[in-house]
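Each of two forms of one protein chain follows alone as structure tokens, named structure 1 and structure 2.
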Structure 1
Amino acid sequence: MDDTFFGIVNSGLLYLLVGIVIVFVVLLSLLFAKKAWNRALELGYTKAQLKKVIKSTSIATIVPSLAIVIGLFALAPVLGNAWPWLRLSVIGSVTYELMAADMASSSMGVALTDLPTVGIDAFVNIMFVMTVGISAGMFVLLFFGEKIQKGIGSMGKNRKSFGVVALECFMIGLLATFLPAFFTKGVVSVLTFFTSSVITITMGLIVLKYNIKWLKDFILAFALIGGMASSVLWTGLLG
């Protein structure tokens, strides 16, 4: 057995434990998908429409997923492969995990990059800290999820009530929070944002003008790829 830090954090035991959690979450996702599929058929959607949703979702998922995989490449040199694999697949988010690992190790007085030299005790401590930190929302959902859902359900029920407006305004609030930060963060951020918007509008107009319905499924994916690719160009041009 490899007793070095990376030998232990990339050991079969950790892969096995992580693998079990991930397989369970995949099965659970499949069960959710199946229930939603059956319910959608009951509500009158056709299989062709649902396949269209699956197709468009799949295409649109690829690019953000690649960004998550890049997070894996950032975490693996310090935390090994198995643990970041779990953290990015279940509950985690790429931005949280990097920050959480960094904060936990610096609280112990260790730079994250020095972790492999400190030993396995600190690594296990970081595993616990990252798990507890990310699980808080899950406990809220576990105990209060149904109540919150019922409240939301009643908001959307009355088609003429303020509840409908409030539901729509959640997304507006999200935009109002993120956009000022993007617009003042730097020119590259602004240009990336607008490149992506322009691609979305242009493709939307093409779909309408030439009635190319299949193109609609690809708008988000193209806008994302175009926007992100343009950020490389803007960074190159503007430094």
Structure 2
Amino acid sequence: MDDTFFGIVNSGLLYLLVGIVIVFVVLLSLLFAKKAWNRALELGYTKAQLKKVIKSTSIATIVPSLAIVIGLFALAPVLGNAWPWLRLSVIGSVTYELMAADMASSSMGVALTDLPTVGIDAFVNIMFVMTVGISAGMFVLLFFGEKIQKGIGSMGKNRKSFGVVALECFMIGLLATFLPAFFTKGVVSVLTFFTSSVITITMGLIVLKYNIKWLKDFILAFALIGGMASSVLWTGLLG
């Protein structure tokens, strides 16, 4: 067995364990899709209508996944193929996984790109951070998801209520939590962040002004691609 860093993170055993989880999730998804199909037929929908829904939702699902593929390309060179494949296929978020991996490596005093030189212990620590952090939300939703959804829905009905302000404050607080991670890594990181922000805001304004609803699905992908491309530009100009 190859006991080097990449030999372990790309080992057959890890691929097998990851594959088992992904196959289970796929089978579970197919089961629920089958139940949803049968229930829709019971409610009176025709097969033609359901096929039209499947076609439109498939397109809406594939387009945002471009950002996930980009995230996979970003993580694979330092974390191997198997682990990012699992994290971005099942419960992970592309923005969360990239940031969690980077923050975990920084806490160990090493850049994410230098992780292979540290050893497999650092990889295990990153696996732990990436898994435990986001799993908390899964358990919260399992027990309190319905109550939270109803509460947020009732708050948003009245535009004059404090609920609207509370939701906006939540998003601002979320943004403020992630901002320090960008602003403490140097000028290139800050400029990359602002470049991605400009791309996101610009595309959002285009969607609103010209009512191009399909463009919303591309915003995250373009922001990631533009941000990555700009990081190369800023590094070349300032490096």
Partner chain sequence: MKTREQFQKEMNKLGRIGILITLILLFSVPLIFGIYHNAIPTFKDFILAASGLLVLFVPIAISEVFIYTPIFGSATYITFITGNIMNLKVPIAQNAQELMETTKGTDESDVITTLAISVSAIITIIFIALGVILLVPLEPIMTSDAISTASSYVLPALFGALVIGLLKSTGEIRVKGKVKAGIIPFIVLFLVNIFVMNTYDYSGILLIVMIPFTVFIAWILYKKEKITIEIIEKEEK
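The term rigid core refers to the most C-alpha atoms you can superpose between the two forms while keeping them within 1.5 Å. Computed from a predicted structure; not experimentally measured. Numbering runs along the sequence of structure 1, starting at 1.
Trainee: Would you indicate whether the form predicted on its own is structure 1 or structure 2?
Mentor: Structure 2.
Trainee: So that I can tell if residue 33 moves, could you say whether its C-alpha shifts by at least 2 Å between structure 1 and structure 2 after the core superposition?
Mentor: Where the cores coincide, residue 33 shows only a C-alpha shift between structure 1 and structure 2 that is less than 2 Å.
Trainee: With both forms fitted on the core, give yes or no for whether the Cα of residue 47 moves by 2 angstroms or more between structure 1 and structure 2.
Mentor: Where the cores coincide, residue 47 shows only a C-alpha shift between structure 1 and structure 2 that is less than 2 Å.
Trainee: Would residue 18 count as moving between structure 1 and structure 2, using a Cα shift of 2 angstroms or more after superposing the core as the test?
Mentor: No; residue 18 is a residue whose C-alpha shifts by less than 2 Å between structure 1 and structure 2 when the cores are overlaid.
Trainee: Report, to one decimal in Å, how far the Cα of residue 233 moves between structure 1 and structure 2 once the rigid core is superposed.
Mentor: It moves 15.9 Å at the C-alpha.
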